[in-house]
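This document starts with one chain, in the form predicted on its own, laid out as C-alpha cells.
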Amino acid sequence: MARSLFTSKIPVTRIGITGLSQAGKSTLITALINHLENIRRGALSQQVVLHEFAHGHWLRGVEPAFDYDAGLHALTNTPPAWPQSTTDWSIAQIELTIDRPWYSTKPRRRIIELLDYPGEWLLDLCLLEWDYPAFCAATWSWCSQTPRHEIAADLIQELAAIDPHAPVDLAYLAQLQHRWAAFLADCRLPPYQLSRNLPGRFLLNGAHYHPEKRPFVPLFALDLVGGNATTSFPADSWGAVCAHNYLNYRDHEAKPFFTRHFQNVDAQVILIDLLGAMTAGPDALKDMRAALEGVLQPFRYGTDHWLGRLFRRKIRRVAVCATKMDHLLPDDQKRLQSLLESYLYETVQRLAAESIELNVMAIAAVQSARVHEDSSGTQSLIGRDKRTGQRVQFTPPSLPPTMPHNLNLKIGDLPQLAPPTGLDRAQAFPGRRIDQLLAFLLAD
C-alpha cells in the first residue's frame, strides 16, 4: 500500500476519508490523528499489526491543512464541543517512527496521509456516467416519489412545466438553482435524512466552485425523463444552457477531483449515520443504501473502463463505518454491526470477486455515552446534552435482531450528545473500534 513522495524517500500511505451527512467525519479525523500520536498507548498498543510503530508525530505545514488544532480545541475545551464540519478538501499528515531492526543504525519512518473531503462530493461519482438527460431522468425518478415530492412539490412542478426547447430566462434559472440547492439541504436534514442529493457541490461549494456562474437545474419535461430524450436543443434554450453547464460541472469540477485525488489513494473510509437513517425510517434507509451502491460502483467496472482503472490502480481496502455506536446499549451495539452487514450484504458480495477488501464496521470516534447499571441490573446510558450541557440519563431504542429485506424499519429518536469532559491530547481519546479501523487500513 505504500508509495514514495516526490520530495522524499519516506513511504506514504494515503487514506481517503469522507462521510455522508451528519456522520461525524471531522471528529473521526481528529480522533485518528490523536490515536496515531499516542500509538503506544491505549487500544492501538494491543493491535499486533501496529506493533512495529514506536511513535506518531502530526506534521504541520501541509496545504491545504486539516485543522487539527481546531478539532483538539473543541474536544478538550471546557465545556467540550464537537469539531466544526469541514466544507472543502484538506490533508492531514502523521509521521510514524518504526522500531529499528538490530542491524540498522537509522530509524525508519512512514507517512500516513489522511485526505479529508465532503461526502457530498463523493456522491457526484454517478454523474461521471450520466449525460444531462440521464441526470434529469435519475433525479425525476427520485423527486416523483415520496418524500421528496412532498418536500418541494411546487419546485418540482415548476421544473416539470419548463419547455427545454423554449428560450431560457437566466434570472429565473438562477432563482431555480438557488431553490434546488435549498431543497437538497432540506432533504439531508431530519426528519428525512436522504442521501442522494445532487449535485454535491450545490450543498458544499468548496473554495473554487461558484455555482451562480454556470447555473443549471434538472428539467422534468417528458422528452427528458420519458426514455426518448434528445440532446439537441436550440441555442440559448433551457435545455441547451442547462446541458452545457451540467457538462461543464461534470467534466471540469467533479471529474478532475476524482482523477487527481483517487489515482493515489491506497484506502478509503466512508462514514454513514445508519442510526440516523433508522430513526428517519424506510425511505432514508433505502436512499442511503442506493447512494452507497452508487459510490462503490467504480470498483465493479472492468479494467477497460477509465473509472475502473482509476479506482483499481491503488485502492485495495474500503471501510464503510456506521458511527455513534456508543449511543446504544452493549447488546444493541452488537446488533448494529450485524444490521450493517445485512444492510450492505449485496454490495459486499458483488465486491467479493474483485481485488478489493471491503470491511463494514460499527464505530464511535469519541465515546460520548457510558453504560449505567442500577441495582436491579437494568442498563441505561449517561451522557451530556449537546444543547444544554446537562447530564442526561436515557434508555436508547432497541434494535431488531435482523434487518428487514425491504428495509421497513424505524426506531425511536436518540438524544444529541456532547463530547465527554476531560479529554487530553496526551492520552488516546475514548472511542470504540478505532484501533480495529486503523489496523485494517494500515495492514500490509
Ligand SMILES: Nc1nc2c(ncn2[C@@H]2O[C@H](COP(=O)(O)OP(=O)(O)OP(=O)(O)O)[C@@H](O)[C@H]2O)c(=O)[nH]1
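Residue indices: 1-based, along the sequence shown. Treat the numbers as computed from the prediction; the structure is a model and nothing was measured.
In what follows, reference is made to the form predicted together with the named molecule, a form of this protein that is not presented.
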Okay, which stretch from 335-343, 361-369, 277-285, 210-218 lines the named molecule in the model of the complex, with non-hydrogen atoms inside 4.5 Å?
361-369
Of these, 410, 386, 51, 57, which has a heavy atom no more than 4.5 Å from the named molecule in the model of the complex?
386
Scan 82, 258, 246, 299 and let me know which has any heavy atom within 4.5 Å of the named molecule in the model of the complex.
82
Residue 15 near the named molecule in the model of the complex, any heavy atom under 4.5 Å?
no
Can you tell me whether residue 148 touches the named molecule? I mean in the model of the complex, with a 4.5 angstroms heavy atom cut-off.
no
Counting only non-hydrogen atoms and a 4.5 angstroms cut-off, does residue 201 reach the named molecule in the model of the complex?
no
How about residue 34 - does it come within 4.5 Å of the named molecule in the model of the complex, if we only consider non-hydrogen atoms?
no
Is the named molecule close enough to 38, 433 and 439 in the model of the complex that each of the three has a heavy atom within 4.5 Å of it?
no
If you look in the model of the complex, which residues in 14-51 sit within 4.5 Å of the named molecule (heavy atoms)?
20, 21, 22, 23, 24, 25, 26, 27
